[in-house]
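A lone chain, given as structure tokens: the form predicted alone.
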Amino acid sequence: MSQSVKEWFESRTGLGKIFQKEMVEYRVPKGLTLPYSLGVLAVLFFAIQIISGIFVLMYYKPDMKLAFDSVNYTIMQVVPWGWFLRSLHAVGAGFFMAIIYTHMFTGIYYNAYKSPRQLVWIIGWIIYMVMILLVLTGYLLPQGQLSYWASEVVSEMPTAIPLDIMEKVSLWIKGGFSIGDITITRLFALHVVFLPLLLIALVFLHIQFFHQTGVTSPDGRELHGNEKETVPFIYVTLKEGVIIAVVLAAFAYFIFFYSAPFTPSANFEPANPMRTPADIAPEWYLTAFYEIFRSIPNKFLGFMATNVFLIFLLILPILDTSKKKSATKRPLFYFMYLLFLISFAVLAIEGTQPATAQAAAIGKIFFIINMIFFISLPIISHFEKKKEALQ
């Protein structure tokens, strides 16, 4: 009886064939390390954000007069376990972005942008941009003091481009000359509907292209069809399960005992258009870009500098043309990569500090170091190709 039910279910769903194809027939290199689990972790936390977001959505009011109380009173104090739902969503956003950044930086380390994975990298870059918009729109919705003034800063960003039409773009984002109900309704629609649907489609493409090209070994070798050095994907999921358990334990700690870094105290104050906070700083995942922007006196040049960084990330497959893969086999690349990581970390830390002349000078210096990494890639590629030709 159970066998017939199984056959009936399989004939109508095909889940057994999908499992066989994705978990058994799909093979990956042996000895995959922690960074190879980051994609699975990212998908897991995306699911957590969607599920927790649905529950928060049941009580949130996208209205300038009601938004703050719906979050800080209704959800946090009235709804049973509402505080848990909000912490789950807020802390989850921070963890999600931390995983995305780690995934991206390890991708650079392992040269995951090279042939035949250029499309995987490009889709990943688009996912990163959509993620920034998603977490940013979510941060603006509670309409606490920080959220309100962050909304003002974000809506004024287009005016950094010295074109008349950019003023109209800024007005369109706000829906008027100041932050109001239209602004928060548009942010709400983007955060709840448009951006999540777009992200789901992009993640599907990212995974599909990734499966098409396969996984390289940690030392950069392609092992397609090599039965001796690869294992079915299901064996790797056991190792990933342990890593996921550790990350979820850390996640639970921050939710129950230390959610303050993900929910700034100033955002528990109602928005006050008449009182500007002493220093408006974005969430940690944007502080590096914020430091670049504010360290350059000219607003337009600061805006362009942040975008140059993002464009360089996108065109890494063009900049780095060496056939070698993985920093483990590229000492020059490895050295420049370390400088890149250090400079980005310094920019992120400085972006949390008050704006001073010293902070601006540090921002310029480390932005230049950051750019040197990208500029050096064609030179490193040339030397590596020349060395290979002589061997």
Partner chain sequence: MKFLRSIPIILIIGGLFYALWSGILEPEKWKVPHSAELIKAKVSEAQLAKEGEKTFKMFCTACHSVRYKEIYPTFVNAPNAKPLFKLLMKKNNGFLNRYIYESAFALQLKGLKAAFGSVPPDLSTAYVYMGEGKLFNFIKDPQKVLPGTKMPNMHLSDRQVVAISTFLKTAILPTEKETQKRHLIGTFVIIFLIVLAVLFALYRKAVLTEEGIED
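Quantities reported herein were computed from a predicted structural model and do not represent experimental measurements. Residue numbers count along the first chain shown, from 1.
We do not show the form predicted together with its partner chain, though everything after this point is about it.
Participant: My question is simply whether residue 257 lines the interface with its partner chain in the model of the complex - judged by any non-hydrogen atom within 4.5 Å.
Facilitator: Yes, residue 257 is a contact residue.
Participant: Within a 4.5 Å heavy atom cut-off, is residue 334 in contact with its partner chain in the model of the complex?
Facilitator: Contact check for residue 334: yes, within 4.5 Å of its partner chain in the model of the complex.
Participant: Taking the shortest heavy atom distance, is residue 239 within 4.5 Å of its partner chain in the model of the complex?
Facilitator: Result yes; residue 239 sits at the interface with its partner chain in the model of the complex.
Participant: If we define contact as a non-hydrogen atom of the residue within 4.5 angstroms of the partner, is residue 68 a contact of its partner chain in the model of the complex?
Facilitator: The answer is yes: residue 68 has a heavy atom within 4.5 Å of its partner chain.
Participant: Of these, 169, 248, 308, 182, which has a heavy atom no more than 4.5 Å from its partner chain in the model of the complex?
Facilitator: By the 4.5 Å heavy-atom cutoff, the listed residue in contact is 248.
Participant: Using a 4.5 Å heavy atom cut-off, which residue among 312, 209, 284, 289 comes into contact with its partner chain in the model of the complex?
Facilitator: When its partner chain is considered in the model of the complex, the option within 4.5 Å is 284.
Participant: Does every residue of 231, 235 and 345 put a non-hydrogen atom within 4.5 angstroms of its partner chain in the model of the complex?
Facilitator: Every residue of the spot touches its partner chain in the model of the complex.
Participant: Spot the stretch among 71-79, 192-200, 158-166, 289-297 with residues whose non-hydrogen atoms come within 4.5 Å of its partner chain in the model of the complex.
Facilitator: Among the listed stretches, the partner-contacting one is 71-79.
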